[in-house]
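Before any questions on how it binds or moves, here is one chain, the form predicted alone, in structure tokens.
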Amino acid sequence: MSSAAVLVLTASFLASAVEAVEALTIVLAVGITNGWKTALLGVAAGSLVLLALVVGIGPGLVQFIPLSSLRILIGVLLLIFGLQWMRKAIRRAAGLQSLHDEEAIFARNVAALGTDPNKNDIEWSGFVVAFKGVFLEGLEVAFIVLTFGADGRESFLPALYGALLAFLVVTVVGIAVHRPLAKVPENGMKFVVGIMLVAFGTFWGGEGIGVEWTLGDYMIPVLIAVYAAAAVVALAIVKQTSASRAALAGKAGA
């Protein structure tokens, strides 16, 4: 497996793990309140729709769009998506945006769903909640896998394997602990994935406009290091700016 394929698998695994943790929280809430038959049916339906979307569309894109144009499109999409993840992660790390609280989300879902007195029957409102949870959280993962997959089989399979492995790991751990995975460093993982997506977007977008990377695929780790350093600097600036504004507000209030 090439270095680029390993990085694709890693990025896909981390991104999928974040979304899988969020989906698990919703599924656990449905299972506890409306029964596991309802929850698992919703999970199965949502997963099948996502899998059909990824397998059916991903590899076929390259047949309809010229490779250079496709790489430009991939680069732009990954840059947009990665920068969004980086922005949210920086804001959360700087304290400007609340962290994702899986325990609180779990409690809200349990309260909203209520308790079905007959858990042996399928509760269709719970089914819809489980289906939507798996499908909507999985759409971001599907986007990443489809985007990687559009560059060809060498990238599609590692991206698909990374996503499937992440969902398998989170599912096994969720079954074992039987509670939301609140201790997963979700914001840190989004930070890392955002950096990796921006690096891949730069690399593939550059190839699309004719840039010849001197190091070939090994340029991707270099780009990751550059963007990681830039993200750390950006976080420090945001923290300093936030602290300065808070100090000024405190003086004005006094």
Partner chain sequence: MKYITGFAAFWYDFIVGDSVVLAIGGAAVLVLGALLVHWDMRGVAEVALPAIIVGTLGLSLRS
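Residue numbers count along the first chain shown, from 1. Predicted model only: the values in this text are computed from it and were never measured.
One more form of this protein, predicted together with the partner chain, exists but is not displayed; see below.
- The three residues Val21, Gly126 and Val193 each lack any heavy atom within 4.5 Å of the partner chain in the predicted complex.
- Using a 4.5 Å cutoff between non-hydrogen atoms, Gln84 counts as a contact of the partner chain in the predicted complex.
- Taking non-hydrogen atoms only, Leu223 approaches the partner chain to within 4.5 angstroms in the predicted complex.
- Contact annotation for Leu146: none of its heavy atoms lies within 4.5 Å of the partner chain in the predicted complex.
- Residue contact with the partner chain in the predicted complex: Ala93 places no heavy atom within 4.5 Å of it.
- Of the listed positions (Leu50, Val43, Leu28, Val198), a single one reaches within 4.5 angstroms of the partner chain by any non-hydrogen atom in the predicted complex, namely Val198.
- In summary, among the residues Leu79, Leu164, Leu157, Val173, the only one with a non-hydrogen atom within 4.5 Å of the partner chain in the predicted complex is Leu79.
- In the predicted complex, Leu136, Leu139, Glu140, Phe143 are the residues of 126 to 148 with at least one heavy atom within 4.5 Å of the partner chain, listed from first to last.
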